[in-house]
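Given next, in structure tokens, is a single chain: the form predicted alone.
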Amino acid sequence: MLGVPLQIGPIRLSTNLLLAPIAGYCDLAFRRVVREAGFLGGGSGGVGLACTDLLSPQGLLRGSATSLDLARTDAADKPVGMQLYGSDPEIMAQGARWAVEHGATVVDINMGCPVDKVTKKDGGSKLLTDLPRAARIVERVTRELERCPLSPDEWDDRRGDASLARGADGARPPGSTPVPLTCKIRLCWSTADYDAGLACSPGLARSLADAGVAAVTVHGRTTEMKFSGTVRHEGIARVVEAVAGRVPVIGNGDVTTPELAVEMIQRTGCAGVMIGRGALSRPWLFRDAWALQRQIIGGGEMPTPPTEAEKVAFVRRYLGLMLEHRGEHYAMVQIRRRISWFAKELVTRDERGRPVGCRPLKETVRDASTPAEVMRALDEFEAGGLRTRPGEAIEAA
């Protein structure tokens, strides 16, 4: 429903919007920038739950530096979901325990990633072709989560602005409560199967609910589609119908504007929306999507669009957090990669309505060798430099 915060097991989120676990992009610094963007210009928030990048349970258990970096969280990054991928029920269960012991508010099992390096190891959306294995993983992980419940005080440390379910008298639950388990799936593996009405997702979602999963996210594409074509709203709607309200269904795919988030809910009946790539250049998208929902159901005004200075401030903030959390080398690698995403929202128009791009800014940042050089480039841009002249081609990337 529009404007209704999402309930996942014992946790009631502040909104019904989730930041997707975007492989290669959803690090701690970006999650914090997106959270902070919810309050830009007097906004009332936006991200109900942010998810880590995909995590290898083997890497977590071995203490791999890469896995530990991807799983890193802090007190400002709550509530947070940790998403695991793999195919061995026992290893997945131990990875889930690790996630609980290291700050997860929600544990998620990835059954939707179409990337070869994941599916070739029988993880991600390859599980859509082996439903018995998928069920065994969920059953084993659920049992493990029940063995390591959190006390009310422990929940207070990791729920952020979410609320823990209370009894009829308004009191906190007297005992310990397990961290909820969720799953992310696709419509099915084969597009031909989907077109023939043979999608596995409705039945799979029902079996996941039977096994104790607290919510299911559905990316409205098949594995074969990967990220091409258009999201199939009707496929998500079929999953919503199949679970019949037993667990909330979260829709995912092609949500790049507040209006598309509303459309996802209205066309599918889903209880929440997960947003991924649409937030890479517009971290305030969650703020606006939540505000639009609230406006539709009860009136109110939309937040003011961010100014150019505020957009540049997000770039500065991201770089600063990367330096804080990961160090200079990694921060520079990431800012060179991501300046194209951030810059998509820095294209303006001159007094004659002609587009004024920022290709020189992107090139300068990509060539920068130190954070100080990046900051100087941003200073120059704010002062009116490092922009394309009217009539010059504006690069899309």
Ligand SMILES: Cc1cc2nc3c(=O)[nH]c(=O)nc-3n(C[C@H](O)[C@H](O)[C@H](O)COP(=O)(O)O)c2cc1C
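From 1 onward, residues are counted along the sequence shown. Because the structure is a prediction, the values reported are computed rather than measured.
One more form of this protein should be noted, the form predicted in complex with this ligand, which is absent from this view; the next part is about it.
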- Task: Taking 4.5 Å between heavy atoms as the contact cutoff, choose which of 123, 79, 276, 180 touches this ligand in the predicted bound form.
- Result: 276
- Considering this ligand in the predicted bound form, which of 110, 119, 222, 268 comes within 4.5 Å of it through any heavy atom? 110
- Query: Within 4.5 Å of this ligand in the predicted bound form, do we find a heavy atom from each of 22, 184 and 227?
  - Reply: yes
- Query: Heavy atoms within 4.5 Å of this ligand in the predicted bound form: does residue 53 have any?
  - Reply: yes
- Message: Would you classify residue 73 as touching this ligand in the predicted bound form, given a 4.5 Å non-hydrogen atom cut-off?
- Response: no
- Task: Spell out, yes or no, whether the shortest heavy atom distance between residue 283 and this ligand in the predicted bound form is within 4.5 Å.
- Result: no
- Query: So in the predicted bound form, does any heavy atom of residue 254 sit within 4.5 Å of this ligand?
  - Reply: yes
- Note on the structure: Assert contact_stretch over 346-354, 41-49, 326-334, 23-31 against this ligand in the predicted bound form, heavy atom within 4.5 Å, equals 23-31
- Let me know which residues along 66-100 have a heavy atom within 4.5 Å of this ligand in the predicted bound form, or say none if there are none. 83
